[in-house]
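Only one chain is shown below, in structure tokens, and it's the form predicted alone.
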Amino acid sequence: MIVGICGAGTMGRGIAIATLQAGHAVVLYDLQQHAVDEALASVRAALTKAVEKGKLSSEAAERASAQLQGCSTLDGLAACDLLVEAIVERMDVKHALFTQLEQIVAPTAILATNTSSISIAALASPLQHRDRFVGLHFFNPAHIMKLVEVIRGPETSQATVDLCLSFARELGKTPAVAKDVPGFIVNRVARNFYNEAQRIVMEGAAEVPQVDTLMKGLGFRMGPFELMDLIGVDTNLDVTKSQWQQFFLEPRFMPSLLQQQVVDAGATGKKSGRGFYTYPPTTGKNEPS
């Protein structure tokens, strides 16, 4: 199967790595050719690292690398059987992408969105073939995290759901079918993980590193602030705003002023070198910002 991935950021790269390791061909798309080139180099570096760690044979890594292509025009995705969108969390931008893709790919191709919170029904609304549109929500880092939410829209066919379940299992993931509700399963739970942590800091009950340390002491692999930095503080904030709006401004999902201030300061997380922590390029250690 040929899998097209729209968006060459952190999530798109992770999905590409997992897909290649499962033996599928990947076409990685982004608007800017330099972003495509950087992503291709990053994915191939990750494959090499997997070989060094003994998680992938050198032969498998070579095959995977050979099956990786990139493009900066949508026409390059025409031959794809499954397309996974992993771009900015904005409905208008996603609508524009999917309406164009539907005119380019084969009538049998599946269109999937990696949205964290936006309604599948709303995203599918401008499409002609809504039966082949589905939510396929990976978690960051996508090549490591095992869970994948498969979100069925009101017009998504069972055949589309079944194909996505099979695809996720081929990637070594554990798929869970979710209904089309704001935040689906995980992000509805996770809003409280992020929001309450920020309330604790804003009330002066603890500092950012203390909250993360305590949560990791309870068994979480990362604290809420570390995870927001990894995902992208701006991306995480967009998801929170979207879910809050879809729940008609339910107070428990209200975005945090602290997170908005961090984003306004341009501290969007690891990708910018600074979020709730700073990330010195030489040491790679985390320091409170």
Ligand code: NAD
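Just so we're clear, the structure is a prediction, and the values are computed from it rather than from any experiment. Note that residue numbering follows the sequence shown and begins at 1.
Beyond the structure shown, there is the form predicted in complex with the ligand, which is absent from this document and is the topic of what follows.
Engineer: Could you tell me if D212 has a non-hydrogen atom within 4.5 Å of the ligand in the predicted bound form?
Structural biologist: Contact check for D212: no, nothing within 4.5 Å of the ligand in the predicted bound form.
Engineer: My question is simply whether S157 lines the interface with the ligand in the predicted bound form - judged by any non-hydrogen atom within 4.5 Å.
Structural biologist: Residue-level check for S157: no, no contact with the ligand.
Engineer: Taking any heavy atom pair closer than or equal to 4.5 Å as contact, tell me whether V262 reaches the ligand in the predicted bound form.
Structural biologist: V262: no, not in contact with the ligand in the predicted bound form.
Engineer: Could you tell me if A64 has a non-hydrogen atom within 4.5 Å of the ligand in the predicted bound form?
Structural biologist: No, A64 stays farther than 4.5 Å from the ligand in the predicted bound form.
Engineer: Please determine whether each residue of V88, N140 and I231 possesses a non-hydrogen atom within 4.5 angstroms of the ligand in the predicted bound form.
Structural biologist: Verified in the predicted bound form; spot residues all in contact, yes.
Engineer: Since exactly one of V189, M202, A106, V93 fits, which has a heavy atom within 4.5 Å of the ligand in the predicted bound form?
Structural biologist: Contact with the ligand in the predicted bound form is made by V93 alone.
Engineer: Could you tell me which stretch in 217 to 225, 47 to 55, 247 to 255, 231 to 239 has residues with non-hydrogen atoms within 4.5 Å of the ligand in the predicted bound form?
Structural biologist: Looking at the partner contacts, the answer comes out as 231 to 239.
Engineer: Between 115 to 133 and the ligand in the predicted bound form, list the residues on our side with a heavy atom within 4.5 Å.
Structural biologist: The stretch touches the partner through T115, S116.
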